[in-house]
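In structure tokens, the next block holds one chain alone, the form predicted alone.
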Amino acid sequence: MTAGVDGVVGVVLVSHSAEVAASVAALARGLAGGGRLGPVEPAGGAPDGGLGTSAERIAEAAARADGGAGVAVLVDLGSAVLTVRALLAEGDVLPPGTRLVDAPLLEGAVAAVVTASTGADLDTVEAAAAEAWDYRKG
């Protein structure tokens, strides 16, 4: 678990699986290497430990990731998107400057964490993560 780092964009990774969220967070941290690594918080699984999403887990992860520079939230599947959108719509559940980022979970997480570690602002972190949609593997 990490805590918000002042001036560094935090990243929250939401997956229907706690194991997937934690593993993607660990990979992104590991690949970020140098720089001022900001918080990368997994928010995976349902409250009962099964597959699903949890508004409470997402809100707690965002609070831990918040260092005042914004929080980029990346998600895996549709209902995770809906849960984050609902939390954002409530207006006071997530830290100010929390943003749902339209990016693939794994590649976007790596791009977001690497970019955040350079001290980039939330707009730049979001753009780097979204650019991951264009990564080609063949």
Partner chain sequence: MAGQTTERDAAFVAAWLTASADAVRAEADRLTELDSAIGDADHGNNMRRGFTAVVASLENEPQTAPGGVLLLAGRTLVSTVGGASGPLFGTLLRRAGKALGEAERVTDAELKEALGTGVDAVAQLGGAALGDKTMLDALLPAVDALPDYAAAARAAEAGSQATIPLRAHKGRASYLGERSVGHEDPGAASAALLLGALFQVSR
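Nothing here was measured: the structure is a model prediction, and the numbers come from that model. Residue numbers count along the first chain shown, from 1.
We do not show the form predicted in complex with its partner chain, though everything after this point is about it.
S.K.: With heavy atoms only and a cut-off of 4.5 Å, decide whether residue 52 touches its partner chain in the model of the complex.
M.R.: Contact check for residue 52: yes, within 4.5 Å of its partner chain in the model of the complex.
S.K.: Even though the partner isn't displayed, in the model of the complex is residue 63 close enough to its partner chain, meaning a heavy atom within 4.5 Å?
M.R.: Close contact is absent here: in the model of the complex, residue 63 is far from its partner chain, nothing within 4.5 Å, heavy atoms only.
S.K.: At the 4.5 Å heavy atom threshold, is residue 90 in contact with its partner chain in the model of the complex?
M.R.: Contact with its partner chain, yes.
S.K.: In the model of the complex, does residue 77 come within 4.5 Å of its partner chain, counting heavy atoms only?
M.R.: Yes, contact at 4.5 Å.
S.K.: Just one of 64-72, 78-86, 36-44, 109-117 has residues with a heavy atom within 4.5 Å of its partner chain in the model of the complex, so point it out.
M.R.: Contact-bearing stretch, as computed: 78-86.
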